[in-house]
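Below you will find one chain, with nothing else, as structure tokens; this is the form predicted on its own, and questions on how it binds or moves follow later.
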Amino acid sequence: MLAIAILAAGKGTRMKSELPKVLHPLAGKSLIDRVLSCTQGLKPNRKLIVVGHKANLVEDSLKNYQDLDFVLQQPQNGTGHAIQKLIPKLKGFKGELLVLNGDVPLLEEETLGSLIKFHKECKASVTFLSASLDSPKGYGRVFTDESGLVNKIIEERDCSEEQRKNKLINAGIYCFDWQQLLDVIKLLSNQNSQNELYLTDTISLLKKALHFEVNNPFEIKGINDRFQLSECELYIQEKLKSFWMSKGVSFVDPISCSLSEDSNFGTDVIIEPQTHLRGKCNIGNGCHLGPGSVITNSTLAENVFAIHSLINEATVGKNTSIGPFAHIRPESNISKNSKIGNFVEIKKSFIGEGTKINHLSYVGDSTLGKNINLGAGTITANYDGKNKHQTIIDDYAKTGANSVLVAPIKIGSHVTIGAGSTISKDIPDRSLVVERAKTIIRTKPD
């Protein structure tokens, strides 16, 4: 049996934020999301989240997860106190308790699996992750006897100068035999510099305490401030970009770009400087993105070119050109061989194959057929002040510059609309329509 407890009650004062520390985003996911993600393959029987500061926000952020038990720690009197709060929830439980921290987001599932396996094989009372660091500042120090058993962990603020020279540190990730922990957890004292109950004090009270040293110390990096958050962001981004470059993606200036972990790329993709992919993105072979583009939760087929543009929750067909300075908004579907040009905004619309919207246009709540050409400044006036209305334009239609189509409206196939027209009624197929006010010229008297 395995129970997992994630400690997420702290405020995180060094973040200087109204947001609980564990909800700060890292490469598109909150810190606590990342911690939960690395436990999925462990198949725990119980998952408990210890909450405290702004508990309602933390709970709301995790509402899509199944089978989470929330445990309120109020006030927050240390990590030992947090585990004491689990006792009623784990009544009758027999097995291992894995204790994680909500602000240590880079742990790998494989590392946790190895920790649990080592703990069981050694029949330990507790096994915790450790690391040897050249600069161990800020971490509790681990002290062992000649046989390798851990005698104690001393928090840095409670260490003597000599003890601080020890480079073996405690990562704060524990695997306990729950029944043995129950025997000692109530014996903790707050006689320390913080006047708190330290979970680390259980180490000296348990029969067999072991440490398990991680291969990659960066995995156990905790986040206490925004500088450490940025270090972890850089680590994730470097890892992602290195992976995709090995798969055939080129970054002209990798350091200026960012990816989400849910981004997928084909081969021969070129990503120019200052280009960012967020959420779940699927990018086809031969796409050329940027410079200066932001693509969010979108699918781009092969050979799409997108320069200085925003594409959000949209689908773009192959051999399509977007931008510069185009804005493709949610629920837009742009078919293959199309052109969405400079300063064009598309919102919740279907754009047919081969259609061109080259300049300064707005198309909203519309369905456009194939091989349509919208002239510069064509606007679909879809909003009447209360409701949105549909515009339908059939195949091979053309609009002149500065045309306004007042929805709801249907423009037939092979229709030509003269420049400067404001059209507010349906137009039949194969028509020429011009609607303008009569020009009046009056000369000024001398």
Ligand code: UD1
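One-based numbering along the sequence shown. Keep in mind that this is a model prediction, so the values were computed, not measured.
Quick note: we don't show the form predicted in complex with the ligand, though the next part is all about it.
- Site annotation in the model of the complex: the residue of Lys425, Arg14, Arg430, Arg436 reaching within 4.5 Å of the ligand with a heavy atom is Arg14.
- Ala82 is the sole member of Ala209, Ala82, Val249, Leu107 with a non-hydrogen atom within 4.5 Å of the ligand in the model of the complex.
- Within 4.5 Å of the ligand in the model of the complex, a heavy atom is found for none of Asn151, Asp177 and Gln180.
- Contact with the ligand, judged by heavy atoms within 4.5 Å in the model of the complex, is confined among 238-246, 254-262, 95-103, 316-324 to 95-103.
- Interface membership of Leu7, defined by any non-hydrogen atom within 4.5 Å of the ligand in the model of the complex, is confirmed.
- Put simply, Tyr198 is close to the ligand in the model of the complex: some heavy atom of it is within 4.5 Å.
- Residue contact with the ligand in the model of the complex: Ser114 places no heavy atom within 4.5 Å of it.
- For Gly172, a non-hydrogen atom is located within 4.5 Å of the ligand in the model of the complex, even though that partner is not displayed.
- Counting a residue when any of its non-hydrogen atoms is within 4.5 Å of the ligand in the model of the complex, the hits in 64-88 run Gln73, Gln76, Asn77, Gly78, Thr79, Ala82.
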